[in-house]
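Take a look at this one chain, the form predicted alone, written out in structure tokens.
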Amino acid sequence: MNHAPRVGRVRAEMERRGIDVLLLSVGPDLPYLTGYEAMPLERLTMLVLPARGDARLVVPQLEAPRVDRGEDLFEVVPWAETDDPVDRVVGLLGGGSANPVVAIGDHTWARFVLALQAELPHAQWRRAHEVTSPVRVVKDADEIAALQAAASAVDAVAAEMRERPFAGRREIDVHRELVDRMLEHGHQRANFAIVAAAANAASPHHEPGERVIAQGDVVLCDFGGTMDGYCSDITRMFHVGPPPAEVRDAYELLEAAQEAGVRAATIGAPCSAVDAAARDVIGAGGHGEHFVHRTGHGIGTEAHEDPYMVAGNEDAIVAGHAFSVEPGIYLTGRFGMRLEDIVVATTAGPRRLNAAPRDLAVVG
């Protein structure tokens, strides 16, 4: 990835919004702009990026060898164990406005935010999201290729699981298999692997546990990870043995709802239209009250980021938006189901990145 154009676009956004300096610590914005991911430590790492002038990365001395200086985007400013890194950051702001407008990373630890605010009592504080999200939300060709590679990897896992036994295994056992398979297929990290059987699947974010999967169970598998800096996220449904008519009919409704949501994701349409299209199908099928979450979320360097496909979000879909379409039906105490693919908005129409079979897989 070439990070310099991203820095340029963020600086243009800072100028447009009247922000003097951007301060980034832990979280996805820092690697997005620099290629360097700060460890979540009590030792402060912070990029000081002025709207104009040189950028500097304040970093613990023992972490400095991890910093890749290849693109020459910033000066590395190491600090020793007996130094005060907050003073170091404040010192780098010294030549600017007496009342600077500072945008700080949304994931920055509170201890550092409060310390900086105490040292800069006249600053105006804003969220970094204001300047980074408008840039990050539109994926370029390299980012879409990275998302496609991650999606193809979890597609392979989903396809393999159709041939695996489920009955007699605990949810946690299937969870561990999903994690192992994601890593085998090239992911550096497995971010989550939800495995929920029968009534547990009615809890959308169920934590897999000791429940033994049995004949006749619906099994929901929602899993994803990080591959070369970009995230995957897929949900596929399995049934142990032939499904009864009620489950089969609900799943057919779910498939139709997801298809409607994908088709609605056209350039210029509001994000809310994707949610409405999927929700209308489920509502017409008698399960409106059983669809309890938004239809989708953006994806990129984070598993959940802008744009969100939810009622009330009237932001227009543009080419390069990448997001999930994942309607669900959840019957408390009985079963639940969800179907999820990642979609990219293009001038030729919505493009699914996931190609794994979407039918209800019958397993043993």
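Please read these numbers as outputs of a predicted model, since none were measured by experiment. Start at 1 and count along the sequence shown; that's the residue number.
Just so you know, the form predicted together with another copy of the chain exists too; it's not on screen, but the next bit is about it.
* Touches another copy of the chain in the predicted complex: W109 (any heavy atom, 4.5 Å) -> Taking the distances in the predicted complex, the answer for W109 is yes, it comes within 4.5 Å of another copy of the chain.
* Considering only heavy atoms, tell me if R52 and another copy of the chain come within 4.5 Å of each other in the predicted complex. => Judged by the heavy-atom cut-off of 4.5 Å, R52 is well away from another copy of the chain in the predicted complex.
* in the predicted complex, does I104 have a heavy atom within 4.5 Å of another copy of the chain? -> Yes.
* Partner proximity in the predicted complex: A214 to another copy of the chain, non-hydrogen atom cutoff 4.5 Å -> No, A214 is distant from the partner.
* **Residue among P134, G283, P243, P204 with a heavy atom within 4.5 Å of another copy of the chain in the predicted complex** => Comparing distances to another copy of the chain in the predicted complex, the residue within 4.5 Å is P204.
* Taking another copy of the chain in the predicted complex, which residues of 297-329 have any heavy atom within 4.5 Å of it? -> Counting only heavy atoms within 4.5 Å of another copy of the chain in the predicted complex, the contacting residues of 297-329 are H304, Y308, V310, A311.
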